[in-house]
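Single chain ahead, by itself, as structure tokens, in the form predicted alone.
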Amino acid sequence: MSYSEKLSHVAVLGAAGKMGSGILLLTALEMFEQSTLPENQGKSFLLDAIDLSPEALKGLRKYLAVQAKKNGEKKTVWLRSVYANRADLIENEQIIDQYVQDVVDQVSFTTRIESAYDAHLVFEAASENPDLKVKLFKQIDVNSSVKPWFLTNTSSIPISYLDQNASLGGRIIGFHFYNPPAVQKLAELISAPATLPELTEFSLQFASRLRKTVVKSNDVAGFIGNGHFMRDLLFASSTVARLSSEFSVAQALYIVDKVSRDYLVRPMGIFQLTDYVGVDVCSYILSVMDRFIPGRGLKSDLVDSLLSMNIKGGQFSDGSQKDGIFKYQKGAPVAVINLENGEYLPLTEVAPACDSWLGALPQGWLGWKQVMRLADREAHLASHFATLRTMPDNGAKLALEYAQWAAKVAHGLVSDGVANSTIDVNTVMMTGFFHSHGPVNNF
């Protein structure tokens, strides 16, 4: 079956979720482009958007239409060639409206998983739960006559486990989009030893068509992205515990978050990133990794304490940030949780003593946004880290300790057979997490 034929009938599970909606959008746009090719004239393309929530599916339809319009506005020249035989479409607005209608018309919005039984491809973006994923794969596969290929968006569960327990015979691959899929350039591709070579080839072609940067990860729980991020979080959590002998937990959280953001020149501090992903999601990823890589200490007392107080973070359906470790106003942290009573302490009260202890930032310091705009970013970062090494301040010492840990984790991912090279780890952290530099560098 050719690339286009495989895309002629696709199902997306969890289509209305944060990840599923982006995957659905990208797939719908690609399917439309395939339908315009001369060899595909007259052929039908069907995309099943499957989700448990009828209300969420209504929102998904609106999201798809809005995003398709934005995409069409960037491609008016191409769309004029697509609709060249339509004498009734004259103005750009008419052409774009037709394009939006045609993209949306490909999609069937449904709560019925039975719609996936005839799909050639099944993208899965359900909860990060091994048992749930296996159940879904089994149900579709035993009721399908076409033996579909499964592309799972799991960010932590070994593909071999899913393959063996769902009895898929190698018809599954890990295709880990980063959030949000429609914007993020990175995709981690995870083939199990039994994954069909033609499925891997298709996935690479699909990723190329979506203009994604692909990094191949080996089939070890957590893969590269979460393999590094979760260990980063564990180091941060242990540092909070260490600092708590001198500071309150709220102060320690602030200190470590500031060091990981400002001193290491990242877009978010480690605990703001944890809020963004979701404390509960991070907990579940850690539990999956601990299950499949036992004896590595992949547990966090801090995360457990936060969840025991129902502090979860995450995002609302409109993408705005929920309160978690930090309290937010217009997306910016304004207060930090006090684990003693579950109340938030304003950063204006917490920061002064912490900033005094940390000491000054290096001379010539620039924040992440400014650094990312620099033409000589590497030279600036080299100077930044060289200055840190000469500073006696607590902030500089803690930053260097943190950076050394991050590099150690990266090398460990290679030696443990997760990543093929430290270059791949750097690519994942810089492209998928938007770090200004990789954990392994020449600074």
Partner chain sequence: MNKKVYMAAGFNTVALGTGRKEFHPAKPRPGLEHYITEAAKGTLSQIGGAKNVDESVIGNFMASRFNKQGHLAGFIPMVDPGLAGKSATRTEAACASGGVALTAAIRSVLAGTADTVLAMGVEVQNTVKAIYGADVLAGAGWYQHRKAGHAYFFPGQFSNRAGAYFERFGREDSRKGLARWYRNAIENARLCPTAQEFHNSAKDLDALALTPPNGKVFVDHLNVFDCSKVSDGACSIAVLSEDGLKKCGIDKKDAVEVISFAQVQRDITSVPEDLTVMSATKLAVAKALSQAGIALDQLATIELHDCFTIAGVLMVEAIGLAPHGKGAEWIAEGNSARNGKLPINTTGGLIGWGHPTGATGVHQAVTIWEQFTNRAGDAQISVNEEKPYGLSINMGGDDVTVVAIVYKKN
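Residue numbers count along the first chain shown, from 1. None of these values were measured; they are calculated from a predicted model.
Below, we refer to the form predicted in complex with the partner chain, which is not included among the displayed structures.
- The closest non-hydrogen atom of Lys69 lies within 4.5 Å of the partner chain in the model of the complex.
- The shortest heavy atom separation between Lys138 and the partner chain in the model of the complex exceeds 4.5 Å.
- The partner chain in the model of the complex comes within 4.5 Å of no heavy atom belonging to Gln370.
- Within this chain, Ile311 is remote from the site of the partner chain in the model of the complex, having no heavy atom within 4.5 Å.
- Figure note: of the listed segments 186-194, 140-148, 112-120, 83-91, the one touching the partner chain in the model of the complex, with heavy atoms no more than 4.5 Å away, is 83-91.
- Contact with the partner chain in the model of the complex, defined as a heavy atom within 4.5 Å, holds for exactly one of Glu343, Glu73, Glu198, Asp105, namely Glu73.
- Proximity to the partner chain in the model of the complex, defined as a heavy atom within 4.5 Å, singles out one entry of Ile96, Val259, Ala166, Val303, which is Ile96.
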